[in-house]
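Here you get one chain, nothing else, as structure tokens; it is the form predicted on its own.
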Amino acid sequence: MSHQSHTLHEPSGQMKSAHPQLTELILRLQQTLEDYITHQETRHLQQDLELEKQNHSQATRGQETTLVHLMCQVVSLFQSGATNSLELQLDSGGDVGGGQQAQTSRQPDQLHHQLSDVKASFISNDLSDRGTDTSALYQSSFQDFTTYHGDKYDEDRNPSGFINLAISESNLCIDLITERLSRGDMTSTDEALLQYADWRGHAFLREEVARFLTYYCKAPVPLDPENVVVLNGCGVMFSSLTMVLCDPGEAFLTPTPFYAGFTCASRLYSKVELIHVHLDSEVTEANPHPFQLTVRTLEEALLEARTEGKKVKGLVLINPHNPLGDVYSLDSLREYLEFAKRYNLHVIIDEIYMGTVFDESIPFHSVLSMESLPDPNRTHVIWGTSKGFGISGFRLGALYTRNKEVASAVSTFGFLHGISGIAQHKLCRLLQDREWIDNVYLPTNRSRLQAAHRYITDKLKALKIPFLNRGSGLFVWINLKEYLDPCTFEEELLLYRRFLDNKLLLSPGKSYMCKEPGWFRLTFSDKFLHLKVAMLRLAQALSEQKQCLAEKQMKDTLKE
């Protein structure tokens, strides 16, 4: 702490002139932290336990509240590049973009959503700097998900629990999956399954993955199982790929909005920068579709990055897209791959949502279906069973790459991130059963996805909420900008907290690095009863938000 204090007390002249807001925030944050630590140390000297409890509840709450506000502001400035474009109105209460009133109106009961054990997160005698960063990443990314797991909605046992429409999982065909997994061919205790396997995965599973992708991706020639690697999840696969393709500090272009897990995966191990290629929701002559990705946009982002001295090694694509639900046309895919070849870039393309295209009029084209890839040695496909089969607990992430060096390097991570032999056996049996997949699972899953999507979108229309109407994925990308005043990410966060207050989890657009505040991802692949209750809670939260905005506007009018 002494070194940090020295740094904060004596900021450089450049920092003062370039980022006065950031300097002021850090100094206030430091002073609050020092006061908080002093108070915590004093607590241990108290002899009267009852007095100690009273002092803590009264004196600490104000410090914790101020501390959280300050941290939110610092994070906001860092995320925005600490530029002058982010206008913050600072006062003694730590107001962010006019959001203090909305926050204090819900204190102190809702403050626990923002607090994540301040002492443990910022004061540790045990964690290294890297460990502290990892802990902070976990707290910021998964705190609400952890809270949800401790308070899940159940119609009978916990009707006031959280309903999670934030995480992209499907519960629509659990009955079919559990029945298939309970059949006799799924059970095996063969000796080979109980021992260490090839780090790439058991040969029988890699062979079946190759056959499965050949068939369902419509590959022109049988895929080679020697080009397949399996690990315990696509997030680990992405992290492993970026690690073997990049050195720390190098970068991949990533169109935004994009799957938030990639940010976590790239920070945990590989320390690879994801350069955001921001897409616009506004429809123009150049962009006839919302959030359309064009080669021109990619080239502009690449040129800007290289001008800034960044070493860009590749491009990340998601098809079908998360969170937009878009399915790339074959022509678009080829354009993106040719762009990458032109600039000697690797392409990591995530096709995990391949099995979620429920609109039969929309064709899905895998890059593995192409007769010839522009640069096969630099094209790497990720796929898994979590989304299409709704079995995220099995933790299968598969890589297909023709680059033998890349496959070999990624295989090394199987030492730490392999899948159990028993799970590999069950997955192999599942993927082998084409008759069940084609005649039972796929048509039923498609029908249930269509019904759930129709129910949710009808409710959204009734609430007059704009959304992207796409034919794939387990979610809808919805526009709640009209409920933000002003339309800022600070207000988006407050709206997200209001959903939490109503025991509803949605995913805010900021977590997908969307450049426009107000977008949320809403997952619809859940049980009908859950969706019904969730939409009632959504309507209630938005009604409260609308009332709050009306009161705020009235106060502003009276001030004038």
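Only a predicted model underlies this, so the values are computations on that prediction, with no experimental measurement involved. Note that residue numbering follows the sequence shown and begins at 1.
The form predicted in complex with another copy of the chain is left out here; the points below concern that form.
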Original post:
So which stretch, 433 to 441, 232 to 240, 288 to 296, 478 to 486, is the one near another copy of the chain in the model of the complex (non-hydrogen atoms, 4.5 Å)?
Top reply: 232 to 240
**OP:** Please run the contact check for residue 284 against another copy of the chain in the model of the complex: heavy atoms, 4.5 angstroms, yes or no?
**Re:** no
Original post:
If you check in the model of the complex, is residue 387 within 4.5 Å of another copy of the chain, heavy atoms only?
Top reply: yes
**OP:** Tell me, yes or no, whether residue 394 is in contact with another copy of the chain in the model of the complex, where a contact means a heavy atom of each within 4.5 Å.
**Re:** yes
**OP:** Check whether residue 167 has any heavy atom within 4.5 Å of a heavy atom of another copy of the chain in the model of the complex, and answer yes or no.
**Re:** yes
**OP:** Name the single residue among 126, 151, 155, 371 that comes within 4.5 Å of another copy of the chain in the model of the complex, judging by heavy atoms.
**Re:** 126
**OP:** Could you tell me which one of 308, 360, 458, 191 places a heavy atom within 4.5 Å of another copy of the chain in the model of the complex?
**Re:** 191
**OP:** At a 4.5 angstroms cut-off on non-hydrogen atoms, which residues of 391 to 417 are near another copy of the chain in the model of the complex? List them in order.
**Re:** 391, 392, 393, 394, 395, 403, 405, 406, 408, 409, 411, 412, 413, 415, 416, 417
